[in-house]
Structure formats: structure tokens, C-alpha cells
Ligand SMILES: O=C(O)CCC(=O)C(=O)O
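Let's start with one chain on its own, the form predicted on its own, as C-alpha cells.
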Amino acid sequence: MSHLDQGAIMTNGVYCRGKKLDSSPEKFGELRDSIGLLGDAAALRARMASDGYLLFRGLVGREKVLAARREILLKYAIIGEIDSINHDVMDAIMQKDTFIDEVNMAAFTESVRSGKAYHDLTLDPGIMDYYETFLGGKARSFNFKWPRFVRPGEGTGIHADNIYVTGGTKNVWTTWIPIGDVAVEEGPIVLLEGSHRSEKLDGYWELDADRDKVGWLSEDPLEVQRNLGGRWLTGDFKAGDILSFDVKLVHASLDNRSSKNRCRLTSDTRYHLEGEALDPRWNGDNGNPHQGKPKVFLPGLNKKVGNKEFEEEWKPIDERGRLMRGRRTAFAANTA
């Protein structure tokens, strides 16, 4: 069963970083489901080695996912990011006149990451059982979680995760969770087929994003595809689908081009064997993992700039936790 609306893709196209992808069968395709491999460690590992990802459709109960969605979207409605007066909050329709700049974003982002329904989703028994089978032992997740609220017009740059999350064990795996249904036009994840095995990326994988100020691998998905080969792979996703993948796999998101002005809500979490070395940036009580001036994880809200200082995903805040977008802090105002 296909989970891609080929007619809509041919009519409207799919875009990444503002560039239209080649949607021909040789360049663009659909992720394959591996739900039938659950419980078979050898088969799971063999397919992960081959494909670099494992998609499990319907692994988590839909109601559990929707409970996390409601919990998070109500918080975004409180700060004015979505319109819950004229639309159902679950529709995540972007509100034009937001008041996000006036609230304590340090407290807000922590409340999103620590919400019970979201926490329960990221540690769902189905996810943990899969990782314990796949890894061959008791698994744990990073303490830090990455919920992503992506507005129309926004997306995530082209990169591989290992340069951000392997400051401890290298045996780390990413899970991407759509928190609700996510259609292709709303900008889901897109993976570059076979890129986790590309020798051309050996030097890139040795970098550390904090130490080396790497930024995105590229702003051009067509150029990356020409250099590395492979198809860009994605799909339409439903609440309950789970995507696990190799941290060396090149990926991004499609641009959110929702015709309904709908925001996309997803999550990134990382898992590894319990007892292996922890990356201190993402484990323990660390609200500012990239150090320097206080920042919060808040993707989007600005034009793409390359992310060398994590600016596309991490935003500076003032002493009251408010976003510093052209605002003088209270301290600066009182001493001017």
C-alpha cells in the first residue's frame, strides 16, 4: 500500500530548502515499512545496515500520540502560535498575530519537553522493546528530547545527526516521531537513500558541530543527491508511525508548504544501550547544551542562515526568558 500521494506530488512538487526535488522514480521514492521484522534482531540489524533506517507503521497506539499532540499544541496556543479560537487546537493552524516574544520561553520549552504525555510517548513500550531487541540489551533514551513545531514556510536543513549527538557512545540511534498525521505537503522528514554508507562523508562524520562550527551539510538537496547518489525518500505519515535511523544517514525535512496553513509537529529522540557513555550535552540537567549565552531550542522563526551557530534551531533569550529578537534587555534599558 502506497503512503505517498503521487498525484499531489506531481501537481505541486516537493521542496527542500526552497529547491524543488526531482520527483521521478529514479530520484524520489517512498520509505518501506519494516513492521513485519519486529522481534527478529538479525533481520532488523540486516535491514538497518542495508537501508540505514527502519520504519514501523502503527507501532504506537494512535490515542497515545494524539494525547501528546493535544498536550503540546495547547501550550503553543497559550503563547499565540496557533489559532485555537477559530479552529480545533488539534488542527495546528498557524495564528498570524502571535505573542511568542512576550513569554518566558525557557519555561515554555521545558514544559513542552517534560510534559507527561510527551514523555510517555518517547518511552512507549513498543519503542523501547524494539530498541532492546535491536541493540541486544536494556535501552535508554537521552534525557533531552527535541520536539519540533514547524510553521508553514519552514523546514530543517540537510545534515547527519552523528556530528551533534555522539559526544558519548557512538552506538546511538535516532527516532523520528510524527506527533499526529503528517502529509508530504506539511514537510515531513526526507532521507537520502544509502548515504549512511557513503565513503565521501568520512571526513564530515569526524566533525563535531560544537567544536567545528559545521552548520548544515548543504543548502542544496539536488547538489547533495548528485554528489552522493540515491533517492530522496519520504512518505505521508500517520499518528503511531515510528522511524528509527542511523545517525550517519543524511536527512532533512521537506519544506512545510501546507495549503491549510497547518503547522507540523514531530519529535526527535536518541536511544542507546544503558550503561554506555553519555553525551553530557544531552544528558543530566543541562538546559543550555551549546554553552555561551542562554538559548532555547526553538526551530524556525527566521530566514535560513546556515546554522553554524545553531541559530536556526536555538534562540537567545534575555534575563526573563524572552526571545531576543531586536529587543533590548531590561538590564540594557536601565543602564542606557
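Predicted model only: the values in this text are computed from it and were never measured. Sequential numbering from 1, following the sequence displayed.
Omitted from view is the form predicted in complex with the named molecule, to which the following refers.
Colleague: Using the partner position in the predicted bound form, report whether V184 sits within 4.5 Å of the named molecule, counting heavy atoms only.
Modeller: V184 lies outside the contact set for the named molecule.
Colleague: Are any of the heavy atoms in S244 no more than 4.5 Å from a heavy atom of the named molecule in the predicted bound form?
Modeller: Because no heavy atom of S244 falls inside 4.5 Å of the named molecule in the predicted bound form, the answer is no.
Colleague: Under a 4.5 Å heavy atom criterion, is L73 part of the interface with the named molecule in the predicted bound form?
Modeller: No, no contact at 4.5 Å.
Colleague: Would R69 count as touching the named molecule in the predicted bound form under a 4.5 Å heavy atom rule?
Modeller: No, R69 stays farther than 4.5 Å from the named molecule in the predicted bound form.
Colleague: Could you tell me if all three of I189, S253 and R270 have a heavy atom no more than 4.5 Å from the named molecule in the predicted bound form?
Modeller: Each of the three qualifies.
Colleague: Counting only non-hydrogen atoms, which stretch in 119-127, 198-206, 259-267, 222-230 is within 4.5 Å of the named molecule in the predicted bound form?
Modeller: One stretch meets the cut-off, namely 259-267.
Colleague: From the list H159, H87, R151, R140, which entry has a heavy atom within 4.5 Å of the named molecule in the predicted bound form?
Modeller: By the 4.5 Å heavy-atom cutoff, the listed residue in contact is H159.
Colleague: Can you name the residues of 171-191 that have a heavy atom within 4.5 Å of the named molecule in the predicted bound form?
Modeller: Residues within 4.5 Å: T174, W176, I189.
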